[in-house]
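A lone chain, given as structure tokens: the form predicted alone.
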Amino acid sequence: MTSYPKEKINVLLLENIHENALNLFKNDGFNVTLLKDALLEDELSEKIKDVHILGIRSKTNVTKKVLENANKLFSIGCFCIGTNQVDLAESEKKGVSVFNAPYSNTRSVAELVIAEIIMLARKAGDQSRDAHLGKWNKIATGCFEVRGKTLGIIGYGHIGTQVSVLAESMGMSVIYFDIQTKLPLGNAKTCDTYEEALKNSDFITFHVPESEDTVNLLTKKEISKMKKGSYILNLSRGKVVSIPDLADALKTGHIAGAGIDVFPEEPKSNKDPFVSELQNLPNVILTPHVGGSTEEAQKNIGSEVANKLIRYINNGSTSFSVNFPNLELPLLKENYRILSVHKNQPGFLRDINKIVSDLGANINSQFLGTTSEIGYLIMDVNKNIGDKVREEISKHSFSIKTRILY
């Protein structure tokens, strides 16, 4: 049992997060609200004032302004792979742990990549559109098998490696480039440089996070180094590929086709219009950020992130947090657990141990982890000193947030 009643812990889930997550929170006794859409900054800044756990997907931005209003917030769950929509540094300073789902939708994204490679090679998108319009345009010109073609993968992580395995099973040759040394799977071969991958690929697919290094990773400069008649796929982050430069390359025929699932600016909801320079260009597959949108992926993501959040609330575990030290201490019977987030400054552990000792309690176990900015402490004591120890710790100049778990 936690010291703070679970029915008073408010969970806000946005962007129609899978009901699997909703049920996990409800079954554990939390007070849960589920909204279908994302919230704008001002709306979220107001809504978050009474929220203890926030669940989002990719369209909700948790900014510094939002966090300034989140005085009750314990944790944020990103029910997706990326966390760039959250101000991680500010969350860390506020003592708010952030969790995500780096693995749960890898297969779904990888399968869509393979499907789009085949569809682009056969111009199937254009053929389907023509047939719907009543045009019978049966041709073989410019249509190819993918067997024997070379796929270049930029970013050989969880999704990139899945794509690699699936592509090889289709008879493709796979090369890849990653800024970190990665062990190739199957017969895949690493490239020494990004340019080497571009020059030698018939298809290029991106599977990289959004960062300063990956914004405009593909512009007209890089496109000029690719084979004439090659194809581009981006199902990673919207700012990785320069859309205007890709549109120009498609119009000139230097690029034969493209599959784009993510965009620099995306509608906030399904009710808002979508506009792109790639619309109505030949052999271009546009999808509305659905790479991980399968029933299996959303269910898995719902379970993965919800369980991480619930473990954090129930026992203080920060395993797999992206902005906190990763700590996990087994629950000990007949003990009382204190969780403390503080500035990473010398002397805090000494001072908190003295506070506990002065209150007449014995420390049975403690586990401290630090980042450059904060320290996170899990401490078990043999005496219920709850409100008193929290009050004393909160007076410390290094203290950020203290929770008496039970």
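Nothing here was measured: the structure is a model prediction, and the numbers come from that model. Counting begins at 1, following the sequence as shown.
One more form of this protein, predicted in complex with a small molecule, exists but is not displayed; see below.
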Exercise. So which of 245, 178, 202, 222 gets a non-hydrogen atom within 4.5 Å of the small molecule in the predicted bound form?
Worked result: 178
For this session: State the residue from 226, 154, 80, 73 whose non-hydrogen atoms include one within 4.5 Å of the small molecule in the predicted bound form.
Result: 154
Problem set entry | Options 313-321, 298-306, 92-100, 205-213; stretch whose heavy atom lies within 4.5 Å of the small molecule in the predicted bound form | 205-213
Exercise. Is the small molecule close enough to 22, 64 and 87 in the predicted bound form that each of the three has a heavy atom within 4.5 Å of it?
Worked result: no
For this session: May I ask you to state whether residue 268 is within 4.5 Å of the small molecule in the predicted bound form, using heavy atom distances?
Result: no
Problem set entry | Contact label in the predicted bound form: residue 290 to the small molecule, heavy atom within 4.5 Å | yes
For this session: Would you please decide whether residue 160 lies within 4.5 angstroms of the small molecule in the predicted bound form, comparing each non-hydrogen atom pair?
Result: yes
For this session: Consider residue 164 of the chain shown here, and say whether it contacts the small molecule in the predicted bound form, taking contact as heavy atoms within 4.5 Å.
Result: no
